[in-house]
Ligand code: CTP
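Consider the single chain below, provided in structure tokens and representing the form predicted alone.
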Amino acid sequence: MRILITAGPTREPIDPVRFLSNRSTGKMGYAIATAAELRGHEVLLVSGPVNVPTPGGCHIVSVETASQMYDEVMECSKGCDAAVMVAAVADYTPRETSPQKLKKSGDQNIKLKRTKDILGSMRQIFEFDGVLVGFAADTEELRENALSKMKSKGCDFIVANDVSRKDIGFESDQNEVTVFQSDGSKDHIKKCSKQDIAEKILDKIESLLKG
């Protein structure tokens, strides 16, 4: 199986020393890449800036911004059997980036614009027809938001986790997730290592491809 995985955050530059980003460490995406590589799959990993050891045998493409990730995913998704979109891509980016460091001179008014929707582009723009897996990190109405996202983005299943909890998720080696599938079924995975969750996600992908 040829599998595309996105991981980590993006950084949206404000000036040469500042950027907008988020708390994603890339651990979940890298865990899936590691598990897939150990199963003998061909792995293309498009990664934002992280401090995580690169899985051996993976083809890794490093990016910084949401725009760069969009372009690389569009190219890398061609010919893939599955895509697992784990990256925490910025929803907004500054309209303008200052070429010089902004000085302390009172309040700054930074205007933002929407970034391109990578997951939402997979089916309609990139014409990806493989197994598509999305991730939904939220702080409220987890089920409703995950189901809405799965339907609107055309995912085969979506992995939802509550990022308001302090003991799992961002910056942790553990997580607790609920997997919602497009056939209406769901599977709750109790708190465990991200590597164990990665194995369960790959089991589902392989099952869908065999079916």
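Treat the numbers as computed from the prediction; the structure is a model and nothing was measured. All residue numbers refer to positions in the sequence shown, first residue = 1.
Below, we refer to the form predicted in complex with ligand CTP, which is not included among the displayed structures.
Trainee: Check whether residue 90 has any heavy atom within 4.5 Å of a heavy atom of ligand CTP in the model of the complex, and answer yes or no.
Mentor: Judged by the heavy-atom cut-off of 4.5 Å, residue 90 is in contact with ligand CTP in the model of the complex.
Trainee: Considering non-hydrogen atoms and a 4.5 Å limit, does ligand CTP approach residue 123 in the model of the complex?
Mentor: The answer is no: residue 123 has no heavy atom within 4.5 Å of ligand CTP.
Trainee: Would residue 116 count as a contact of ligand CTP in the model of the complex, using a 4.5 angstroms cut-off between non-hydrogen atoms?
Mentor: Close contact exists here: in the model of the complex, residue 116 approaches ligand CTP to within 4.5 Å, heavy atoms only.
Trainee: With a 4.5 Å heavy atom cut-off, would you call residue 135 a contact of ligand CTP in the model of the complex?
Mentor: Because a heavy atom of residue 135 falls inside 4.5 Å of ligand CTP in the model of the complex, the answer is yes.
Trainee: Okay, which stretch from 145 to 153, 25 to 33, 172 to 180, 42 to 50 lines ligand CTP in the model of the complex, with non-hydrogen atoms inside 4.5 Å?
Mentor: Flagged stretch: 145 to 153.
Trainee: Within 4.5 Å of ligand CTP in the model of the complex, counting any non-hydrogen atom, which residues from 193 to 211 show up?
Mentor: Going through 193 to 211 in order - heavy atoms within 4.5 Å of ligand CTP in the model of the complex - there are no hits.
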